[in-house]
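Shown below, as C-alpha cells, is a lone chain in the form predicted alone; questions about how it binds or moves come after it.
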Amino acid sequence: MAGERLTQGLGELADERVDHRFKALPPDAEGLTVGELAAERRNLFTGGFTTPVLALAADSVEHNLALMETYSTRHGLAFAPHGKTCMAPQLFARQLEHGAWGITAAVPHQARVYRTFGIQRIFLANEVVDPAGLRWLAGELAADPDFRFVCYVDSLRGIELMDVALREAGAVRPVDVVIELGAGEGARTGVRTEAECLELADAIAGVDTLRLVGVAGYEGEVPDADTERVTAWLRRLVSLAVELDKAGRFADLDQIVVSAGGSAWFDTVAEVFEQLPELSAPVLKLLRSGAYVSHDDGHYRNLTPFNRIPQEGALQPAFRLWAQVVSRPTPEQAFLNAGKRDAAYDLHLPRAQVVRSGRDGTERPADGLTVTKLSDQHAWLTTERSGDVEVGDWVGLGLSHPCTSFDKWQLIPLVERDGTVTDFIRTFF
C-alpha cells in the first residue's frame, strides 16, 4: 500500500501543470505537465530556461545516494536521512530505493508531507507538544497499523502535554518515543543529565499513550565539537541505552532504537555505535544525515567526515546556480541576476565556478571572479580583469548549505552533464 501511495503521489507531481509558480522554467512550456516538459529533454542553456536557474546534477545525486547506502551497510547502520534538507518526495523515493529505513522529520508539517506520499517510517527528531499535531498523529497511527513513528521527549511537561492531547484525541496506539540526551551545557534541546533521563523514563512508564523505545540525540550540537568531545558524548548516549535496558525500561520491545548522526560526524557515530553491547532486544542503530544527497561547495564540503576517511569515498556537490551578467559598470565590477531570493547565503556566499559565454556557449573556469555580496536579486562580483565577463555571460555558482538552497526553489531541473534536463524535483517547504 505504501509503495502504491508513493508511486501515485510521484505520478501526480508529474501531472502538475507548468506555470508562473515555478521560476526559471521556459515560458513557452506554460500549460505542459511537468512530466511532458521532462520528456522533451530540453537543454538547460538553450531550451528556453530563464535565469537565474538552479540545477541539480543527476550523476552527483546518484553517486551520493549510492555512497551513503554503501557506507551505512558497511558499518551496520540503519539510515533515516533527514528529509528537511530537501523536502522532495522524489528524492525520498530514491533514498528508500537505496536502502533507507525511513525518513527523518523535524516538525509535524514535514511528517504530513511524508505521509501524503506514503512514507511508512518517520523519525521526528524533535518533541511534538501541540494538540493539533498530536491529533493528526493519533489518526494516522489508528488508520494504518503498519505506520511506524518515533519522536523525541526531553521534559516532564512535554510528556504531560503529549499524554493529555493523545488521550483527548482517543489515541488507540501509543506513540513511540526516545529520550533525547542533550549534547552538553549550552547546547540546543535535550535532557542535560542521566538522572533526568531516568526520571523521564519513569514518567513515560506511567502513561499508556507513550512507549519508550530508545534514546537519541544530535552530536552536531556538542559545544566546541571535536572528535574527542563528540566521542565522549556518544559514549554517554550508548551508556544511557545500556542503563535504561538494565532497568527494564525496554521490556517487551522487539527492537531498541539508538539514534544520532548529522552530516558532520557520522564516522564517529559509526565507530561508537559499533561498540554497543548486546541488549535485551536487537538495536536499531539509526543514522540521520540529510545534507549528503546534494552535498555542497562550502559548509559540508569542509565538514564531511569523508575528509577524514577518504578511503570510504567522497561526496560530490550536486547544486549549481546559473545566473547571467546583467550589468558591467566598471572594469572591476559586474552584477549577476541572482541574489538572496535564489541562493543560499546563511553560511557562506556563493562561489563563482564557471563562466559560459553568452556569445558561443563555450565554458571556462571563473578565474578572477569573486562574489562579495548579495542583494535581494543581484550578486555583486569583483573581477580581476576587464575581459573576465561581459553582459550576457552565464556564471555557474557553487552554493553552501543544502537546506537553504532547496527551500528557495519549488521545481528544480535535474540535469545531465551535457545540460540535458531529464526531470524536475518538486519541493514542499
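What you see is a predicted model, and the numbers here were worked out from it, not measured in a lab. Residue positions are given as counts along the sequence shown, with the first one as 1.
What comes next is about the form predicted together with another copy of the chain, which is not displayed.
- Under a 4.5 angstroms non-hydrogen atom cutoff, another copy of the chain in the predicted bound form has Glu30 among its neighbouring residues.
- Within 4.5 Å of any heavy atom of another copy of the chain in the predicted bound form lies no heavy atom of Val421.
- None of the heavy atoms of Val354 is located within 4.5 Å of another copy of the chain in the predicted bound form.
- When contacts are judged by a 4.5 Å heavy atom cut-off, Asn337 counts as touching another copy of the chain in the predicted bound form.
- Checked against another copy of the chain in the predicted bound form, the residues Phe147, Trp101, Phe306, Phe117 give one hit for a heavy atom within 4.5 Å, which is Phe117.
- Shown without its partner, this chain lists Thr382, Gln377, Asn43, Ser60 as candidates; in the predicted bound form, only Gln377 has a non-hydrogen atom within 4.5 angstroms of another copy of the chain.
- Heavy atoms within 4.5 Å of another copy of the chain in the predicted bound form map, among the stretches 70 to 78, 229 to 237, 189 to 197, 282 to 290, onto 189 to 197 alone.
- The candidate site formed by Ser259, Gln275 and Ile425 is entirely out of contact with another copy of the chain in the predicted bound form, as no residue has a non-hydrogen atom within 4.5 angstroms of it.
- Contact annotation for 323 to 355: residues with any non-hydrogen atom within 4.5 angstroms of another copy of the chain in the predicted bound form are Gln324, Val325, Val326, Ser327, Pro329, Thr330, Gln333, Phe335, Asn337, Lys340, Arg341, Tyr345, Asp346, Leu347, listed in sequence order.
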